[in-house]
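Only one chain is given next, in structure tokens, and it is the form predicted on its own.
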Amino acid sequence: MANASHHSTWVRICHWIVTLAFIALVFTGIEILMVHPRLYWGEVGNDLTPALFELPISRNYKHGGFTEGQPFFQTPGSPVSAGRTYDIFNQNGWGRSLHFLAGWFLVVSGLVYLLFGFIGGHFRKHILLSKKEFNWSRMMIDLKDHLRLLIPRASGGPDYGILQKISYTIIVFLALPLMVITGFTMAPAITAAFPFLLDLFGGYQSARTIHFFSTIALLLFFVIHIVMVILSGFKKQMLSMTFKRSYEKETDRNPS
């Protein structure tokens, strides 16, 4: 018999829109970062100010190709200007445009997911831990099973284990919102209307750095998620998250 528990149609649609949007955001985000592979903390940062760290991802990494710095004012601590002495990598235009477009696809589908998730009880039934699951021993058992790659076979529905629920809760209610809000904070048009965002994150550059680390966390989750899908039964997982009828036929032929 087919499993009675299935992913709802709206869950599957939102899942794939968010997934494709996230892939586009990662691709364009890397391209944007290649133009200026330096991260800072605070309000401002540029090639002539100290960075928290640099990423060796383009020829712009620690290039040092500047003429002698010239201060704007004859006062201590004056901003300094200098010209570049080499051909900088710069493909910002199309990257930023596509990044912004993909971001709105993620935001809109994410809001739909949150709305239906709360109204329909999806989070309460499938994502958030129940009282009896707040058990340290059970959490440790689930963690050890995952570390030993003892992954339960695909059920065709949102029958998540404790570790999965914790991971999805962090992603849905913390990592994704943090990435989106810090992304908004880097948009001048948005901070002009909501200037408190800059205060919230300690400045534009701080928001950019937090945005980077939240994206890394999501990318790590994405890779682990793909591995878990493969280990638990790739074909059944893909069928259950795409074509429910196909999954039902599959499980009818191969009951577990």
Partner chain sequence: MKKKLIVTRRKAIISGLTAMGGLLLPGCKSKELPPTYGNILRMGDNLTYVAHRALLPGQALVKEYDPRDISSFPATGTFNPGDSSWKYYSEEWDKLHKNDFADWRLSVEGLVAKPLQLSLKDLMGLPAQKQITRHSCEEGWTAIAEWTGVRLGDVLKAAGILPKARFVNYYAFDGFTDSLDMLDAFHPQTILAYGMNGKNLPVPHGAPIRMRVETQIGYKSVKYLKRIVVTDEFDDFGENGAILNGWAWYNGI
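Under this definition, the rigid core comprises the largest set of C-alpha atoms superposing within 1.5 Å between the forms. Numbering follows the first chain given and starts at 1. Remember, predicted model here, so these are calculated numbers, not experimental data.
Same protein, other form: the form predicted in complex with its partner chain, not shown, and the subject of what follows.
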Candidate spot 149, 212 and 223, all three in 4.5 Å heavy atom range of its partner chain in the predicted bound form? no
Among 212 to 220, 225 to 233, 199 to 207, 51 to 59, mark the stretch whose residues have heavy atoms within 4.5 Å of its partner chain in the predicted bound form. 199 to 207
The one option of 153, 144, 124, 84 with any heavy atom within 4.5 Å of its partner chain in the predicted bound form is 84
Looking at the partner-bound form in the predicted bound form, is residue 45 within 4.5 Å of its partner chain by any heavy atom? yes
Just checking whether residue 188 would be counted as a contact of its partner chain in the predicted bound form - the rule being heavy atoms within 4.5 angstroms. yes
Residue 90: touches its partner chain in the predicted bound form, heavy atom cutoff 4.5 angstroms: yes
Hey, in the predicted bound form, is residue 138 touching its partner chain, heavy atoms inside 4.5 Å? no
Can you name the residues of 98 to 124 that have a non-hydrogen atom within 4.5 angstroms of its partner chain in the predicted bound form? 98, 100, 101, 104, 108, 112, 116, 120
Could you tell me whether the Cα atom of residue 66 shifts by at least 2 Å between the shown form and the other one after core superposition? yes
